[in-house]
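First comes one chain, alone, set out as structure tokens in the form predicted alone.
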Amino acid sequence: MEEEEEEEEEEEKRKCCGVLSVVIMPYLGSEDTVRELRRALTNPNVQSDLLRYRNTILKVIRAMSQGVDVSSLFSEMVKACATVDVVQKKLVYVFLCSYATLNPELSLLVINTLRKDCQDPNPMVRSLALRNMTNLRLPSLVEYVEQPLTAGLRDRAACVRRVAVLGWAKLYNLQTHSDIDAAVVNELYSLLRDTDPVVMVNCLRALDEILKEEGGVAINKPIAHHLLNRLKECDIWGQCEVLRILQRYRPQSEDELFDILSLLDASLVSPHPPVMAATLSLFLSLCPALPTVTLAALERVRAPLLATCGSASREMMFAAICHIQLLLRSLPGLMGAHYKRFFCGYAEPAYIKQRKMQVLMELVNDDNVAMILDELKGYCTDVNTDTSQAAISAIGRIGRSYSDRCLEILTGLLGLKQDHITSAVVQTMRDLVWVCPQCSDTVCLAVEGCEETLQDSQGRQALLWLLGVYGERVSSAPYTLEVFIDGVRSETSLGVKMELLTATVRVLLCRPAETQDMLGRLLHYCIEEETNMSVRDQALLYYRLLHCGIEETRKVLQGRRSDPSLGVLIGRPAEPVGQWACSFNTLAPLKQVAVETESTSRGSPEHVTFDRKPNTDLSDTLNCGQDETVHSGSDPDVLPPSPVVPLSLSLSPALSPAEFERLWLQRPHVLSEQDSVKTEEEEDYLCMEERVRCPEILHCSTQSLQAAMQLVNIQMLAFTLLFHTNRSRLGKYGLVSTKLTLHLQDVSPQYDCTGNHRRPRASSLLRLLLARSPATMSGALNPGSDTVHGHGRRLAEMSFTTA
């Protein structure tokens, strides 16, 4: 009895100590935590109790997962891996794989235990040892791992073979520059016929990784048919892997092709979306020359795709909608009868709602336009402003084909007097009249009185554009502009100020009596008080342009008001499937942003939208080197023809400020040092001209060029292209001449060391100007006696000649 009581007391003390050790465990990250864990791991009493020892190891793993640095316990954990307890082995192996790279020398102590476990009669232990042996990822241990992996490929247990196959791929990643063992590759190819489907799929993945430099795993006819026959045995992700690998195989005859398609027919309508998408991708790669078969396959996947659109997983739903957009590019009427499946749910996130609205725009026809517009009208008042603006933009896109119905909805939305709704409606109306000029009368009546609600800069820019272009139709246009002009000092948006200048000058041309006084006040403020040089330069341009006469100003500013050539929403030709087949079942459809949602981010509709080209270096596409060689007896105004090269602008040129300054200082000096002081005193400006080679610009409209310049933050005031043809010298080539003007303007006078006033130095402000009328612009840009500002300025002009 006494012995039993003593044992009970010891047990209670042990429990109390255990509880106490938990209670007094220090905070995370302290050295006391690691010290306490080491004391417990080295305690013989704890080691003799398997349960307490496992719980102590579990505390180490918990501390590691919480961010505590327990790497100093590596040697104690190495000793703990020598056990028959599988759970304890798993915990220790997690620790060892995490800290093996920090203790490469101590990791050698684990190899003997792992190699011994590879011969354990329990297949679970063998597979666990193989997996963690390769997860150590230490190049110094490769020689000890090869023999167990080779034996694992021939193991009688499938779970061991699965781990061994993937282990060879991990081993190859550790020594990518070493020679590939042909025996191992042959062994992996032979395992493609393994009875276990997971081993077969793992062999495909391993061979594809090992033979990556040689193009991946080679697929011939026997292997392809073997994989197809065993496709149903694989799980979902195994089937996707097999179908992806089979895209490399090309049937040798038409009969073989149709045999393969017959085997894939059941997978095409699989209830699992990944399998269905992978099968359709294989169909598209096998049948590029059979459009009938391709279209039939697209029809077959309609039901699985619609079912996926109702999936509980939002990610799966979003991916399905994005891939449906791809299909609609070739089959616009594929989902026409099921347009209600794309109506938005209240609880759906904004990114899914916006994608569904883009699909609805593609499905509009005479039968469903009323219901779709009514549905979109409900989304315009969504609590999410992005969703609301996307719905309004979608109504504007549909308005290209059904303008009367859409304008009625847009006009009604203006009555809500909500800031973000009014802004989106005004921008949509601006884009709509650019494409559909017949809507201008309705729009001019609707926008009156909107200036009180508009708060954001994009909406105000759209309203100012409408007032400037249709100032003679909007009765309150001058008075609305006067409100903007009175508040120009508190205006913070650069775009609004520049749009206000242009709109006021345009209204002056049609209603001069009401606009003359306010334009004078606006020009005086922008020239004398405005600190932004872009606004000031634009005001100077308009001031000098008005000095040239009203007719000359009208030629520059009054261009076309619309561009109906952009087409309507309905009736677009279907794209060939081959244009998007390679991106199906990839992440590319998820990254694409529809053009329909981009219009609200642009300043004016003259900026024609276009697809951005990949970012390339400017030097690769535009050769602007100086033409230093001048042939004797040739006309200096005529340049020899150069090869036609596509013209593009680099969005991020690799040119640092220091490099730009170095290149600028290397330019040839026009004036000598001794004459520079004299010239600076006598002249107020300096013009220099340089000719460079540029490729020919084919079919490039002025609006497209202006849009391209704005994408790289180059603001254009006015422009033209001067075409000169000289068949005797250029043959079939023409000569295109444009002008790039560089403004250098000071903001304050400078003083020398004696305190005497001297002429200001030119600071660096770049302004791009392509003059529409050479005679007009030469007068407008001449800083003569009628200059508005008293400071001196220099005008550096470079003439770009393109052949």
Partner chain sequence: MISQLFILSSKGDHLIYKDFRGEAGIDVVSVFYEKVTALPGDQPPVVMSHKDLHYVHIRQGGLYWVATTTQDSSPFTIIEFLNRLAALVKDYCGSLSEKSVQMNFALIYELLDEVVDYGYVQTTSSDVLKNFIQTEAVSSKPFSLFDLSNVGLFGAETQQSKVAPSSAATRPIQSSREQGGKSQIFVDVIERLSVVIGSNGVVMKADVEGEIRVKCYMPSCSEMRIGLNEEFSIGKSQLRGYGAAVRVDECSFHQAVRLDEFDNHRILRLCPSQGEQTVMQYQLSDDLPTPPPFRLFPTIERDNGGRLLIYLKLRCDLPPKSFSQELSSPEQSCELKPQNRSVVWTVPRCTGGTQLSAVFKLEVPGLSSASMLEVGPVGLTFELPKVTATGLQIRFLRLSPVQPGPSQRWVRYVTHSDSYIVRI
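Numbering follows the first chain given and starts at 1. Computed from a predicted structure; not experimentally measured.
Although not depicted, the form predicted together with the partner chain is the subject of the following passage.
Would Leu138, Ala183 and Asp194 all count as contacting the partner chain in the model of the complex, using a 4.5 Å heavy atom cut-off? No, the candidate spot makes no contact with the partner chain.
Contact residue in the model of the complex, from Gly487, Gly333, Pro271, Gly549 (heavy atom within 4.5 Å of the partner chain): It is Pro271 that has a heavy atom within 4.5 Å of the partner.
Out of Glu209, Glu448, Glu514, Asp120, which one falls within 4.5 Å of the partner chain in the model of the complex, going by heavy atoms? After the contact test, the surviving option is Glu209.
Would you please decide whether Ile61 lies within 4.5 angstroms of the partner chain in the model of the complex, comparing each non-hydrogen atom pair? Flag for Ile61 set to yes.
Touches the partner chain in the model of the complex: Gln239 (any heavy atom, 4.5 Å): Gln239: yes, in contact with the partner chain in the model of the complex.
At the 4.5 Å heavy atom threshold, is Ser178 in contact with the partner chain in the model of the complex? No, no contact at 4.5 Å.
Any chance Lys591 has a heavy atom within 4.5 Å of the partner chain in the model of the complex? Looking in the model of the complex, residue contacts with the partner chain include Lys591, since a heavy atom lies within 4.5 Å.
Tell me which of 157-165, 498-506, 533-541, 286-294 has residues with heavy atoms within 4.5 angstroms of the partner chain in the model of the complex? Answer to the contact question: 157-165.
Interface residues of 380-395 toward the partner chain, as seen in the model of the complex [heavy atoms, 4.5 Å]: Contacts from 380-395: Thr381, Asp382, Val383.
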